[in-house]
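Presented below, as structure tokens, is a lone chain in the form predicted on its own.
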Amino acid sequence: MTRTRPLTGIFLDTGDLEEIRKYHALGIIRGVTTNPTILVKDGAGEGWEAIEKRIRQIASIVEPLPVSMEVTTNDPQGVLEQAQRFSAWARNVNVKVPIHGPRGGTENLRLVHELESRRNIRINVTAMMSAQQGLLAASAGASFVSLFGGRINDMGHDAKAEIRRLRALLDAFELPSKIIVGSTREVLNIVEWFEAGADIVTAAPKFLEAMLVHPYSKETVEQFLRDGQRLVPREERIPA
């Protein structure tokens, strides 16, 4: 019998405080992911002081839900320093580290293991395109392993197949890492990636709006309201 797993939920992929407040108030997000590029685009301002201020604000809004912030360097010492710096901003800040640098290599995975096992910093390993990468990151101790589902599909492969494969591997090895799937391209991705075995799917605010609002729902509610007005005496009706 197939073992069912609870879905952890949706992480909002943004740096916009109003969007975070809006969707957090609905109770439908389970965390936030962001990076300096998104933060600057969403009005945080430039420079580390502005970035720190915005991350602290986000972390305060969603506490105790996790907030993932990405390192901006591939220099090993720089990654260590940024990871320690970011994680000190708030208890619920996790650090995003790519699976490897632009030329490949094993150094990032070594850093993931050190940060998780020796420095007690929660790491979200990003930029992964395959189940085999996810297995290695989880084995190194990463709290979160992030597949870029949209980019996998862009390359002509099926992200759902990689998610299912990674889910089976983590279960077989009894590894506790949570599977995050990001790079969402359309609303359908969110549901189908959860169905494939993702614990978390990251989505920009526009996708949550599209998930919620359906033209037939709007039409149906309009019909309910019209019918309801017929039950009220004309002089007591509220203008539509």
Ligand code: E4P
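These figures come from a predicted structure and were not determined experimentally. One-based numbering along the sequence shown.
Just so it is clear, the following notes concern the form predicted in complex with the named molecule, a form of the same protein that is not shown.
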Can F86 be called a contact residue for the named molecule in the predicted complex at 4.5 Å between heavy atoms?
no
Residue contact check: P66 to the named molecule in the predicted complex, 4.5 Å heavy atom
no
is_contact(I38, the named molecule) in the predicted complex, heavy atom dist at most 4.5 Å
yes
Just to confirm, F148 within 4.5 Å of the named molecule in the predicted complex by heavy atoms?
yes
Among 55-63, 211-219, 39-47, 175-183, the stretch whose residues bring a heavy atom within 4.5 Å of the named molecule in the predicted complex is 175-183
Within 4.5 Å of the named molecule in the predicted complex, which residues of 199-216 have a heavy atom? Give them in sequence order, or say none.
T202
